[in-house]
Every structure is written in structure tokens, then in C-alpha cells.
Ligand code: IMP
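The data below hold one chain only, encoded as C-alpha cells and taken in the form predicted on its own.
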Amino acid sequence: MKDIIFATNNAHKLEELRQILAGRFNVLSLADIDCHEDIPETAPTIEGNAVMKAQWIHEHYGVDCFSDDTGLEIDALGGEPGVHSARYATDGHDNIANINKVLTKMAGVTDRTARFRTVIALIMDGELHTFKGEVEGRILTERHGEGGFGYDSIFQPVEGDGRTFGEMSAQEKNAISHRGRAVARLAEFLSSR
């Protein structure tokens, strides 16, 4: 199996990618290349952040790698939290605080339409490639489920049986999720090389 480096410090994302790519690619973490630094994520867009992270690792470590950035976009909030999804309520990745902020801002709002968007940026052989995935859904008024991470317990995808991502198994979520779709495109590209 070919090794591929995933430029993330997020253990949840790393585990999800390892599950999706299991049997096809051996996904290595930043720790596996002895990178313990905070990678800049200061671009104004999801795609910009994904590209920035991949380029930073490639420039500093000289390895082929991929990174991702994901955002939850809620129509009634003008696309928030969007690029700020991980740090919506605090400077740290505080999932509970982020969910609480969304639920507070959405109190009494009838239009609950939202989507998750993921962009993966791959640098291979000096070339940049991007892969996108999106899933439509709605924001619930309270948490349902203990699985997943981030906003999974309040996001109900349009596709599916009415459960939130937080109520699904990892396999069920990965089959229809934004990240699952982007990774499938990445895997198809890598397999064709």
C-alpha cells in the first residue's frame, strides 16, 4: 500500500480518512513525519485554507501530501460559520461551544437549510490538485447522537433516514458525507496515477 501524508492535527479527521481509505492507502499523520507545529489557516475561504496547509507542509518537509478544510454553511446565518467552523465560538476547537453558538443564533429560525463543504488539496509531484465534496441538510433544534465530531449531532443530511451524522456509524456517515465524497474523488485520482 502506498503511504500518503494527511496534513492535519485533528485526530477525528485522521481517523475518518483512515477508515475511508483503508485497504487502498496508508494514511500517515503529521506526527509520523515529526511535524508538531501549528499550520497556518488564515485564508478567507475553505479552499484557500486547504491549499495553504498542503503547501506549507510541502515547502517545510519536502513531501507529497494532502490537507482538507471543511465548513458548515447555514443559509439563515449568511453562510456562517463557514471558514470559521472549527473556531466559531472560541479560539480552540470547542465542539460544544460551537454547537451552542449555532443553536442560540438559530433559535426561532424556521429556515434550517445548511450544507457541509469539504475541499481537499493534494500536492503530488509538484502539482496542486483539489477535490470537493458537499452534502445538503438541515440544522436541528437540539443535539441527537454521540457519534462523529464537530457539528455532527445537529446536522441532519437530506440523504438518509432522518438521523443526524452524530447518530450514524462511521461507515454510514462516510458513505454520504462531504468528506467522504471529496476523499472518494481523491482516491480515484490517486488510484489512476
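Throughout, we count residues from 1 along the sequence that is shown. Note that the rigid core is defined as the largest set of C-alphas that superpose within 1.5 Å between two forms. Please read these numbers as outputs of a predicted model, since none were measured by experiment.
Another form exists, predicted together with inosinic acid (IMP); not displayed. Remarks below refer to it.
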Selected contact from R115, R112, K105, H93, since only one has a non-hydrogen atom within 4.5 angstroms of inosinic acid (IMP) in the predicted bound form: H93
message: So, E167 and inosinic acid (IMP): in the predicted bound form, are they within 4.5 Å at any heavy atom pair?
response: no
- request: Give a yes or no for I74: in the predicted bound form, does one of its heavy atoms lie within 4.5 Å of a heavy atom belonging to inosinic acid (IMP)?
  value: no
- request: Spell out, yes or no, whether the shortest heavy atom distance between G150 and inosinic acid (IMP) in the predicted bound form is within 4.5 Å.
  value: yes
- request: Using the partner position in the predicted bound form, report whether R18 sits within 4.5 Å of inosinic acid (IMP), counting heavy atoms only.
  value: no
message: Heavy atoms within 4.5 Å of inosinic acid (IMP) in the predicted bound form: which stretch in 137-145, 62-70, 26-34, 124-132 meets that?
response: 62-70
- prompt: Which residues within 170-193 place at least one heavy atom within 4.5 Å of inosinic acid (IMP) in the predicted bound form?
  reply: K173, H178, R179
message: With both forms fitted on the core, check whether the Cα of R181 differs by 2 Å or more between this form and the one not shown.
response: no
